[in-house]
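To begin, one chain is listed below as structure tokens, in the form predicted on its own.
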Amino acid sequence: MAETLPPPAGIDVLEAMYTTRAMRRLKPDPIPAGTLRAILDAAIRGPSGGNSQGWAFLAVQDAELKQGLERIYQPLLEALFHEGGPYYKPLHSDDAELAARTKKMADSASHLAHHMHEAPVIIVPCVRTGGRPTDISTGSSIYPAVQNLMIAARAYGIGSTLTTVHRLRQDEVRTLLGIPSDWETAALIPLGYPKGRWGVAARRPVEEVAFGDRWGSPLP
């Protein structure tokens, strides 16, 4: 069997990792078929339990299907910021910094919810469950591939964001896209050339989140 060689992408892997941030404002410009195929080919290089590769990736480009996904997604996203939703209190917090940070995120997320259909491609990664109950470990066989996909997209200058809000109405997504009932949708990932600029997203320093040997012990 001939060796599979990765295609050149013109960007260092660490640069791609550091600058792969949520891009929710995307241009409608089409993604070349060869580029999309290369991104998906990078995705399937991710590890999976027992190398089972029990995954599938729907690349949704049909205008009506994208609008259908948006109709499912939009009210679910908006409910997150309404009273009773998990982001309502932070959005209306007396802590001005927290409220401002939450509002910025809400505005960006709302833009995606109202413009998702404009993304040239929406990737729906799926994992085969065989009808078994799912838990956090289920993602171990799909999310490494998802991260590969997003980093590869960045290497080609294509923005992405990962969202799972649609899973609250997953059966409707299955029906819309013809996904069998024994497959779980892991995410929606809109892909497109970003309207914004690439950059390194702010993160808490590693000293605050990584420990040495025991919880709370300083990292050497």
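Everything quoted here is computed from the prediction, not taken from an experiment. The first residue of the shown sequence is 1; numbering continues from there.
Note that the form predicted in complex with a small molecule isn't included here; everything after this is about it.
Put simply, residue 100 is far from the small molecule in the predicted bound form: not one heavy atom of it is within 4.5 Å. Not displayed here, the small molecule is kept clear of residue 197 by more than 4.5 Å at the level of heavy atoms in the predicted bound form. Taking the partner from elsewhere, residue 35 is found to have every heavy atom lying beyond 4.5 Å of the small molecule in the predicted bound form. In the predicted bound form, the small molecule lies farther than 4.5 Å from every heavy atom of residue 11.
Exactly one listed residue, out of 61, 164, 175, 48, brings a non-hydrogen atom to within 4.5 Å of the small molecule in the predicted bound form: 164. Contact with the small molecule in the predicted bound form, judged by any heavy atom within 4.5 Å, is made by just one of 124, 121, 91, 77: 77. Contact annotation: the small molecule lies within 4.5 Å of heavy atoms from the stretch 22-30 in the predicted bound form, the single such stretch among 39-47, 176-184, 22-30, 151-159.
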